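Encoded as C-alpha cells, the following chain is the form predicted on its own, with no partner shown.
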C-alpha cells in the first residue's frame, strides 16, 4: 500500500518525508489555494522534495473534456510524466479520461462519492480512484464501506486500478482501509502524525531513557556509555 500526504505546504511535506515512508503527495485546487502561491511553483517544489519516482497528484479545473485535456498536458509538461492528473468523475470527466488514455497521460478519478462512479473511472483507465471517505460519511452513508465496495469491484473484475482513498477525519478510517488492502491512501499531516503520537509511547520512551541514564550517567547513550 502507498502512503501519500494530502497537503501542499512544502515545509510540512519536507518534514513528513524526512520522518515517514512517504510515497507521494496529493493536492487539489483548495489545498493549492491555501498556499497563496502560483500552483505550478508549488507543484514543482513538491516534485523536487519527493523526487522523480514519487507520486504527485494535481487536479484540473475545466468543466469540459477538451479543457481538462489541455490542462492535463500543461500539468505534465510542468511537473513531469510521473505526475497523475486528477479528473472529476462527472460525464465530461469520463470523456476526458478516454482522451487522456489514448495520449498515454496518467490520471486518477476523483470526487468519488458512489461505488459506480469509482468503478467507471477504473474501467476508463484511471490508475487510481479517489473516494472521499469522510465526505461520504457526512452525507449519512458509509464512506469506508463505499471504498471497500470500489476496491472489491476493481479486484473481482480484474481491472488494473486501485484506490487512493482520501478525505479522512480520523486514524480509524485509515486503519480500516489499510487493513483491507487498498492500493493507496492520502492523509493530512495531523492524521499522519496521529498514527504514532501517543502519550503512552512518549512516556515509555522517557522511562527507558531515565533508567539507562541511572545506569550509565545523565546524557549517556549506547554510543558513549
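Fair warning: this is a prediction, and the values are worked out from it, not measured in the lab. Positions refer to the first chain, counted from 1.
The discussion below concerns the form predicted in complex with a small molecule, not included here.
Novice: For the chain seen here without its partner, which of 162-170, 47-55, 64-72, 189-197 has a heavy atom within 4.5 Å of the small molecule in the model of the complex?
Specialist: So the stretch in question is 162-170.
Novice: Quick one: of 101, 82, 135, 95, which gets a non-hydrogen atom within 4.5 angstroms of the small molecule in the model of the complex?
Specialist: Looking at the other structure, the residue within range turns out to be 135.
Novice: Does the small molecule come within 4.5 Å of any heavy atom of residue 86 in the model of the complex?
Specialist: So residue 86 counts as contacting the small molecule.
Novice: Quick one: does residue 174 come within 4.5 Å of the small molecule in the model of the complex, counting heavy atoms only?
Specialist: No, residue 174 is distant from the partner.
Novice: Hey, in the model of the complex, is residue 42 touching the small molecule, heavy atoms inside 4.5 Å?
Specialist: Heavy-atom contact with the small molecule at 4.5 Å: absent for residue 42.
Novice: Given that the small molecule is not shown alongside this chain, does residue 32 nevertheless sit within 4.5 Å of it in the model of the complex, heavy atom to heavy atom?
Specialist: Taking the distances in the model of the complex, the answer for residue 32 is no, it never comes within 4.5 Å of the small molecule.
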